[in-house]
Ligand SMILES: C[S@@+](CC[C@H](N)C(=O)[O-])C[C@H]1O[C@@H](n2cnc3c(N)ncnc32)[C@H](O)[C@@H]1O
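What follows is a single chain, given as structure tokens, in the form predicted on its own.
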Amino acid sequence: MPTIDFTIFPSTRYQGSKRKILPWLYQAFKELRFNTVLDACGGSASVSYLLKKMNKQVTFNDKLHFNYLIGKALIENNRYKLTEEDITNLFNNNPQLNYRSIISEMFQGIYYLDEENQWLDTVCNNIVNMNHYRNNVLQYKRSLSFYALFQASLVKRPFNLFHRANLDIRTNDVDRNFGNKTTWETPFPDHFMKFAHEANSLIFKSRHNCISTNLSVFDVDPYGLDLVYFDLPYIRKDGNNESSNYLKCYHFLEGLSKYNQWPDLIDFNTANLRLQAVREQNDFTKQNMLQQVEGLFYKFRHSKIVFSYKVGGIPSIPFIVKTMKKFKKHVYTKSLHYTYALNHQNGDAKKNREVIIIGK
């Protein structure tokens, strides 16, 4: 088993990312025999990157297109990087292009300052129209460019989310006990270059070809997989589950990834211009979670399963264990006290525990 340097991994502000607990997950994965693996809801790609580092044949999957591009950039890509010339070209206006101003015209005063919206429009136009490479190279250059753009967009947002039109949190001249004013006010190009260089440093070729797919987990081909890893949205028993709907929280990044189609996808009845059919595009809700989990276990019954969840959610850990035992002979759990930013239960080791349920 290769030695893993956990300091050389993608950094992310993505909600629910397992980045901080990768060493713990690594120990659990090492106990299992597998070669082909599906990261079913790949998100920030942190776990897929770990599995790629372990020289597994990884299929990264996520229903959101912007996450798919992250998987394309960091997991499927095993060779191509952004050059300094690529980055310079992304920042500059090309006199041969007819630039669209989608963000400047539609999102004024919602998430970023006017000059920042203009910069985002410029870079998106340049990414979409990047065409001086062969197609097999171009797909990875574009994905890396979007990766850097997504990460730069996240760090300049209060709470690293797009669930509310709250630019005023940045602009109001008040005392703050949270957030990072310096990071918010750092220019977009500086953030972009940082994340572009970081992405370049992460590209490597493993022993197997890895792929990124953009499907509902229920549409993924279940055959030929030794192991399936699930990290589903966390559904709380009570309270607001707004944060469990990733399209709702990151709709702006999804729009960036579909820049030319974006105006046709917007729900103009929402104050912050979310995408249409947010609820319908969410596979996992409080109402359907129990049924969906059992359906997934049945679908991937021929593979080993590692299922990440937290104590206190829907379904409960005992329900997950009981349901998994319908399809697996040997089921066991591992747990870890885990702290999250802005979580008042961090000090409670019983309530705030990350759990993995393993079935084989």
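Throughout, we count residues from 1 along the sequence that is shown. Quick caveat, the model's predicted, so the values are computed rather than measured.
As for the form predicted in complex with the ligand, it is not shown, yet the points below apply to it.
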| property | result |
| --- | --- |
| Residue (of 305, 41, 51, 69) lying close to the ligand in the predicted bound form, criterion heavy atoms within 4.5 Å | 41 |
| The ligand: the contacting residue among 121, 86, 231, 76 in the predicted bound form [heavy atom, 4.5 Å] | 231 |
| Heavy atom of each of 90, 125 and 252 within 4.5 Å of the ligand in the predicted bound form | no |
| One stretch from 322-330, 27-35, 297-305, 41-49 that, in the predicted bound form, holds residues within 4.5 Å of the ligand by heavy atom | 41-49 |
| Partner contact for residue 246 in the predicted bound form: the ligand, 4.5 angstroms, heavy atom | yes |
| Non-hydrogen atom contact residue 317 with the ligand in the predicted bound form at 4.5 angstroms | no |
| Residue 283: touches the ligand in the predicted bound form, heavy atom cutoff 4.5 angstroms | yes |
| 4.5 Å heavy atom contact, residue 16 to the ligand in the predicted bound form | yes |
| Residues within stretch 203-226 having a non-hydrogen atom within 4.5 Å of the ligand in the predicted bound form | 215, 216, 217, 218 |
